[in-house]
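Take a look at this single chain in structure tokens; it is the form predicted on its own.
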């Protein structure tokens, strides 16, 4: 029998909830941008295909929002139940961004409701489009405020620490800590990239199955254009994130790169394996690349894990999360770039089977990269829940039956996952594309 450990079960339950919620939170942030662009292009070009596109994307979006509300509520509940010592120590510090995140969500939800119930009720399509702007802003604001909470946990400032409690709190300083700029921008850019690839994969799948209607081609072109733009942004912000880690969380960067000894001209380690003595084998080594990632200079010194007590090392498995995230990001950027190049060469066919297949694969891979990034961010902060001040083990509940809660929440998430698939299928089956196009007078 495995000994009951409330800290372990609390971590597993929180990780499961965050992993499931991340799917819908990412879509909730990213898809409004695609909907707004589709409707805007439809207005500017007087192209009804884009209006139908915006309408159909919105139907799928509201279902993901509904599930996101459930999982977001679960996170709020678990913060208090599973991490009571953390909330007692830091609850008043993170209360402001948590409140603002809730306000931003309601701001988004109110205008989303108005937008949904005013289709075809405005004489001006532009007036209806304007309702999307608060939805887009609200989604981005929610991501901003909740990301500042995570940023604070990684780079806590703006308080005094007395007897296990954060006192003399400056909530604005706590929100705008050193981790906030790269954390927030990386979350936003990667959300837009992932949402674009998810929608592109749906369009590519339809084309590959022989549905070569111009509607699908326009959907693919719009989503892949957005994907390319934000693939570039994500890569640039990722580079800045590496430099942030080198300055403020060197142990996380060192763990992610299996960098054990402080040295100049540090080598970047890709893939590979470790033995019990932390000897690296079967890895791809790129000379000087880690120094460039960390400081932008090939000969710069990069701090190794040897500088930190072993008990403060993050789990070295974060190396694989980092590799998955970067590899998938490079794949997505490459696929988007190839599509962009082929689209503007008349002799080339951007709807060829290999490229469409790569785009289809890119959708789920993009979401996997998001998950890998969050696992790296959270496990890379361990053993701390508030870096340098409170350890995760100190913050967790000591209550019994956390394991029972874990099983019940897993059951809930399975039910939600099955339900959203059934609902999405029924929604789009009840309103097939051909019917909507015909209703708009489009052949």
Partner chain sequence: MSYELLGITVLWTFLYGYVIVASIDFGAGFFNYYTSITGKGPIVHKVIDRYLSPVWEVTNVFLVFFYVGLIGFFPSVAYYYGTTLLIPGSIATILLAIRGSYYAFHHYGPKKAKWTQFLYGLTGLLIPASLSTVLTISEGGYLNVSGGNVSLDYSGLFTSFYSWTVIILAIVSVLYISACFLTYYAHKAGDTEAFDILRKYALSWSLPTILASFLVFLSISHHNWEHFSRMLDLSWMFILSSLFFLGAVYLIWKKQRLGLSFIFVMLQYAFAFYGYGAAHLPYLLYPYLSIYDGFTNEAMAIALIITFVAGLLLLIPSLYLLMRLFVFSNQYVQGKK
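Numbering follows the first chain given and starts at 1. Predicted model only: the values in this text are computed from it and were never measured.
There is also a form predicted in complex with its partner chain; it is not shown, and the following applies to it.
With a 4.5 Å cutoff on heavy atoms, residue 147 does not count as touching its partner chain in the predicted complex; it lies far away. Under a 4.5 angstroms non-hydrogen atom cutoff, its partner chain in the predicted complex has residue 65 among its neighbouring residues. Of the heavy atoms in residue 260, none are within 4.5 Å of its partner chain in the predicted complex. Using a 4.5 angstroms limit between non-hydrogen atoms, residue 426 touches its partner chain in the predicted complex. Note that among 110-118, 246-254, 279-287, 202-210, the stretch whose heavy atoms approach its partner chain to within 4.5 Å in the predicted complex is 110-118. Within 4.5 Å of its partner chain in the predicted complex, a heavy atom is found for all three of 73, 399 and 420. Out of the listed residues 300, 141, 96, 132, 96 is the one that sits within 4.5 Å of its partner chain in the predicted complex by at least one heavy atom. Interface residue among 364, 272, 164, 84, judged by heavy atoms within 4.5 Å of its partner chain in the predicted complex: 84. For the partner-free chain shown, 408, 409, 412, 415, 416, 419, 420, 423, 426, 427, 430 of 406-432 come within 4.5 angstroms of its partner chain in the predicted complex, judged by any non-hydrogen atom.
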